[in-house]
Every structure is written in structure tokens, then in C-alpha cells.
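Encoded as C-alpha cells, the following chain is the form predicted alone, with no partner shown.
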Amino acid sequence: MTQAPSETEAVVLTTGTPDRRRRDDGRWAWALIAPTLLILAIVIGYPIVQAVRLAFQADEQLDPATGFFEEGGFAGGSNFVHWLMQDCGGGAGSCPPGTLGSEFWSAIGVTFFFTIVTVTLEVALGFWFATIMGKNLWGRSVIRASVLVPWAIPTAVTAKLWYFMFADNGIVNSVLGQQIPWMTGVWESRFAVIVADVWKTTPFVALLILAGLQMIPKDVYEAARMDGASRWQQFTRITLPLVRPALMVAILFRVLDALRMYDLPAIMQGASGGSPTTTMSILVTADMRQGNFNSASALSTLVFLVIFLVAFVMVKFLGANAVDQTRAGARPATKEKTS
């Protein structure tokens, strides 16, 4: 005579083993995210693959026999050598001054110069603005809305606004009583771009830092004041360590955005290259305007690799900190539970 299964056995029979349930859950998870992965592969993966393919192709050439332009065929790494070695057909360094090929390394330097200076200023000013916006002041909502206005203005409008202000007969020279060539001088024009970028993007950084500041419990500051900690000690030992995750995310966003800077210098100084504010993105578009799509694809690939390398280092850096913080926060809790 057979016995009826117990309650535990009945649950196992109806739901299966844990391994089987885990495999079923995994299949469902892949089935649900498969459409998203397919769309990302088409939207992101295809342009990258196509740009890399064009980077290894030669430009179209006129066939004297037929009188038509024909495909240049496989060009190997000549397009990359053109940019990296500034080789215009006569060996390394053969690109004449004033050509796009001779501006590659200067564009790299200008791009990283803009990135380092603007991100540093925006983080410092953004931290200050976030501290002010986080205080319980009268009219705090109006202050927050006012600070965010520059960020809400379109970049093209911002560029034109500062272009008119830095013009020879603009308000900046009128106030200073000088005739500073903000639009033609080497460092003057770079300074103008930095001012415009900092003015526009600092509110975005301040907003991200403010979100991190509001996550810090007020009890921590009260306990520090009771222990006699000064304001500087509270800032360096409480505020900075606890706001660090939000701060690093803000820095990551701004670094990646600054590395592909195009709008502000292109509108204020021109997008044809050859200016003191020519960035990597401007150089790519200038090469495309000249019809050199394959060499422009090679340059785009180099820019992509530079930005990817910087993003990888920063994400790795942020991830390592998150792991350390998680372990540091988990150890005391585990110890208390076991004790």
C-alpha cells in the first residue's frame, strides 16, 4: 500500500528541484532581455562596426580607363598611420602645417586641456553651489531653479550668448576697458570656451552632488558636533567620504562629456579646424566635410578608443571603491550578528 507524500515532498514535486528552478529562471531572464540586447546591438554595435570597417578602407579613386570613381579597396592601417604619424604620403611628419593631418596631436592636447580645466572648476563650483542649495534658506526653491537655468539653455544658444559677450566690442571688453582678442587669440579663445562651458555645466554637477549630500544623515553631523569636531573636520571626515560615490559619478559624466566637446568651440571659434580650440570631435567633422570619410572613420575609431579607455579606468576605479565600501560596511554587521 503506497503512502501519500508529505507536504515537503509535495512542494518539491510541484515546483521541481532548486537547480531546475534556477535554470528555468535563467532562461526566462534571457528571453526577457533578448529584445533589449538586440536593439542595443543594432543601435550601438552596428555603427561602431561600420566605422571600424570604413577605417580600413581606402578613399575612392578615379579610374582613368573608365572615367568613374571606384572603391579604393582594403587600405590596411594607413588611415591610422596618417593621423598618428601625421603621414600625408611622404613619411612621418610629412603633413604640411595647416592641414588636418598635422593637427591631430594638438587636438588631443586641447581636448584633454579643456577636460581637466573645466571638470576641475565645475566640481569645485558645483560643490559650493550644492552646499548652498542644501541649506534651509528662505526661498530655497527659487535659488535652486535659478542655479539650474544655465543648464536648461540649449548649448547653441549658450555658445552664441558668450560669443557676443566676448566679441571685440562686447560687454566683457567694455567692462574691462580693454581690447582683448577673445575670439582670435590662442589662450584668450580657450579661456572664453572654458568660461562658457563652466557657466553652462556647473549646475548639472551641483545637482548630482546635492543628491549625494542629501543622502547623508543629519545625526552624523550632530554626533560630530557633540564630540567637538570643527567644521573643517566635519567636511573632510564626514561630507567628503560619504558624498564620494555621487561625486565620482558626476566626475565620470563630465569627463566623458568634455572629451567629446564639440558644440561650444565649434560655434564660438568655427568647425573647420585650424583654430586654437580645435578638439578631437571638431577634427572628425572637419575631415568628413572634406569628403575623407575613411580617414574620418579612422579618427573616430581613435577617439572612441581614447574615450573608452578613460571610461574603463574611471569605472574600474569607481567599482573598486564601491566594493571596498561594501566590505567595510558588511564586516561590523556580520561581527555583531555572530557575537
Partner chain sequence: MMRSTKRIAVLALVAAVALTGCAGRSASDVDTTARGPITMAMGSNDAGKLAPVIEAWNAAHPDETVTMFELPKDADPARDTLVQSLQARSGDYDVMALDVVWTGEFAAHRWILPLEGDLAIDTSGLLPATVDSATYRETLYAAPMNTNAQLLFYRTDLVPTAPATWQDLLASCPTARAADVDCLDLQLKSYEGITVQATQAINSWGGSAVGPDGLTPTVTTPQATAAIQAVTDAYADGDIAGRSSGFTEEETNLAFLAGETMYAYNWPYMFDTAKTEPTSTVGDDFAVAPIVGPDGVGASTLGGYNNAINAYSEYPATARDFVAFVQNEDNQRAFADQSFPPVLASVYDDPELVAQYPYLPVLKDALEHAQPRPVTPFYSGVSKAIQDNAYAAITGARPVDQALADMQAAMTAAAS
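Residue numbers count along the first chain shown, from 1. Remember, predicted model here, so these are calculated numbers, not experimental data.
Unshown form predicted together with the partner chain; subsequent notes refer to it.
Contact with the partner chain in the model of the complex, defined as any heavy atom within 4.5 Å, is confined among 237-245, 91-99, 112-120, 72-80 to 91-99. For A31, a non-hydrogen atom is located within 4.5 Å of the partner chain in the model of the complex, even though that partner is not displayed. Proximity of D227 to the partner chain in the model of the complex falls outside the 4.5 Å heavy atom cutoff.
Heavy atoms of Y163 reach within 4.5 Å of the partner chain in the model of the complex, making it an interface residue. Proximity of Q233 to the partner chain in the model of the complex: non-hydrogen atoms within 4.5 Å are absent; the residue sits far from the partner. Residues S272, G273, G274 are the ones in 257-275 with at least one heavy atom within 4.5 Å of the partner chain in the model of the complex, listed in sequence order.
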